[in-house]
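We begin with a single chain expressed as C-alpha cells, specifically the form predicted on its own.
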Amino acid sequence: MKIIQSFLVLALSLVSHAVQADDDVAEGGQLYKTYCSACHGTEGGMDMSKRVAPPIIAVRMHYIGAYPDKTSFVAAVTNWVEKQDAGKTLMRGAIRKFNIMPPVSVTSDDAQKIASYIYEGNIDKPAGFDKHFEEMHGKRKMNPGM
C-alpha cells in the first residue's frame, strides 16, 4: 500500500510540474507579446530596413545552437534580458545592424517565462525567413523546434 501511495504522490508531483511548465510557456507567450513582439515579431518580414530587431525565431535558433537544453537556454536568455553585453552576444550581425537591445523592465521571473516561451512556444516565422536562413547558413538543417 505504501508503494502505491508513494507512486501516486510522485505521479501527482510530476503532473503538477508539467502543468506549471505549460502555464509558464503560455504566460511567457503573453509576456512576449507585451514586451518583445513589437521589435522581435514578424512585422516587416525579413526586410531588414523594416525591422528594428532580429526576429525572435532567429534568436531561438542562435541560442538553441549554443544552449540546447531548456535550463541553460532559459538562463542564457534571462541573463541577456537582465544585462545586455555586446561582448557576450551570440548574434554579432544583429548587434551591428540594430545596435544593442535597450534594457527591458521585466522581473527575473517574467524574463524566465518569456525565455521558456521562446524555447518551446509556437513562434511564427516572418515571411522570407527560410530563404534568409538558407542564404546565411546554407542548406544546414534548422535546430529542433524550428
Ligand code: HEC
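Because the structure is a prediction, the values reported are computed rather than measured. Counting begins at 1, following the sequence as shown.
What comes next is about the form predicted together with ligand HEC, which does not appear here.
Although ligand HEC is omitted here, in the predicted bound form none of 48, 57 and 127 has a heavy atom within 4.5 Å of it. Ligand HEC in the predicted bound form comes within 4.5 Å of a heavy atom belonging to residue 104.
Among heavy atoms of residue 80, some come within 4.5 Å of ligand HEC in the predicted bound form.
In the predicted bound form, at least one heavy atom of residue 90 sits within 4.5 Å of ligand HEC. Ligand HEC is not drawn, but in the predicted bound form it has a heavy atom within 4.5 Å of residue 39.
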